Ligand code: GLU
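In structure tokens, the next block holds one chain alone, the form predicted alone.
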């Protein structure tokens, strides 16, 4: 077989060479030890939390080594591609502050682009043409029916399933037979002519999993589909070489593909990057655990965390605790630092599935939000609510001063920071009496059984007469009012003589608190009433009095 002649027959319009590609995409001028990593998703579905996890690790490995982190879009599967899927990926990662040095976005193109595989067709065909010249690739005209027949025979004989060895009948076509089929317009794919030998093994050391031995690839896999577009296996080899990737962070579901990828790098004469296979994100179920499912688990989608209003810092902080077990200990000793200051170790990443615990995420997020300044909280709430909660957004943007007072309420500014809020959607759940409009607010009054309706009616009716909202000494005014109704203004005195009073000032404030908020406990009541205003406060007092009837 004249392989040069065959290559010219198949790729008559391809004139470029691999040598020219090497010059076009030169080695990167980076410091010694710098890592070049990438995140290479397909725009065929929503962003999975596992994808965010992989992107975070890839970016971290690059940044802590003064390297490069880039985004590549693997969009060769046009049938499954979502409309605007690329922007969805880019925007999701931006919302979690995972920025790229290079990629298919404005300002991101450079010498190693284009960064969409659909725009790199000629590059792949140049490389396949070179393989064909070496006798390492050939056209295959097998129909779906013929492939099914081969599979059926292999199943009957109980041998490896696939297109290889004696079953790869297209390997043996002569040049004349190939030319005749092409002239007849028969569709074909281009396959690898694997030199692998059944029974041989390949070995490598994964930074996470250690030494691994696997069977050598013997399959004549498809390199180019019938439309000339490459398969994932071949495209990523070419891209990682010419984008000069040094380290590939990917899920362990790709571990079985490593022998094939090693073979492709070797046959192309390309230096192989280091492969790192990370464990999947898992969820506890019963006494065991399983992979987070796109179909079953809403928390599998990155959009879930955006919609719920988890700050990006909280999600990444929690993912870092999963990535390296020593992170929490490090963070406890360096409370003034962030994950950007932490050195991630691939050797300390979990070998088995990493369990994702929503309770732990909430705890981490509460801790994180407690460290934010009120202004930072305000900015993040506005950004979140603009997309997910118009009522909070309108409140925040129309009355910033009033809204800042509400933030200070639940942050307990000037005191020990409270840790109630773990996500911005908690605001309405925890503080409905501040953030939910009165016409939508449902009160389930937490009334202590020790208070009679007559007591409640008396206190609220009296309080309504003034409310002292303009007073600088609201609590002292409440004491005076309460004393006039028979409530002790001093708690210690009341405890010494409980029979001599209807209750204490604490009881008076609690009854007003329940009438205004529905809750026995809340942040500073005086501030709450001033935030919602006198008219709304009176309306709530009246509403409470009506409920007593």
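Numbering follows the first chain given and starts at 1. All values reported here derive from a predicted model rather than from experimental measurement.
Only in words, not in the display: the form predicted together with this ligand, which the text now covers.
K.L.:
Taking heavy atoms only, is residue 504 within 4.5 angstroms of this ligand in the predicted complex?
P.N.:
Judged by the heavy-atom cut-off of 4.5 Å, residue 504 is well away from this ligand in the predicted complex.
K.L.:
Any chance residue 38 has a heavy atom within 4.5 Å of this ligand in the predicted complex?
P.N.:
So residue 38 counts as contacting this ligand.
K.L.:
Give a yes or no for residue 238: in the predicted complex, does one of its heavy atoms lie within 4.5 Å of a heavy atom belonging to this ligand?
P.N.:
Heavy-atom contact with this ligand at 4.5 Å: absent for residue 238.
K.L.:
Residue-level question: is residue 401 within 4.5 Å of this ligand in the predicted complex, judged on heavy atoms?
P.N.:
No - in the predicted complex, heavy atoms of residue 401 and this ligand never come within 4.5 Å of each other.
K.L.:
Just one of 315, 192, 249, 71 has a heavy atom within 4.5 angstroms of this ligand in the predicted complex, so which one?
P.N.:
Exactly one listed residue reaches within 4.5 Å, namely 249.
K.L.:
Which pick from 232, 475, 173, 330 sits with a heavy atom within 4.5 Å of this ligand in the predicted complex?
P.N.:
Only one option qualifies, and that one is 232.
K.L.:
Out of 250 to 258, 319 to 327, 336 to 344, 130 to 138, where are the residues with a heavy atom within 4.5 Å of this ligand in the predicted complex?
P.N.:
Within 4.5 Å of the partner lies stretch 250 to 258.
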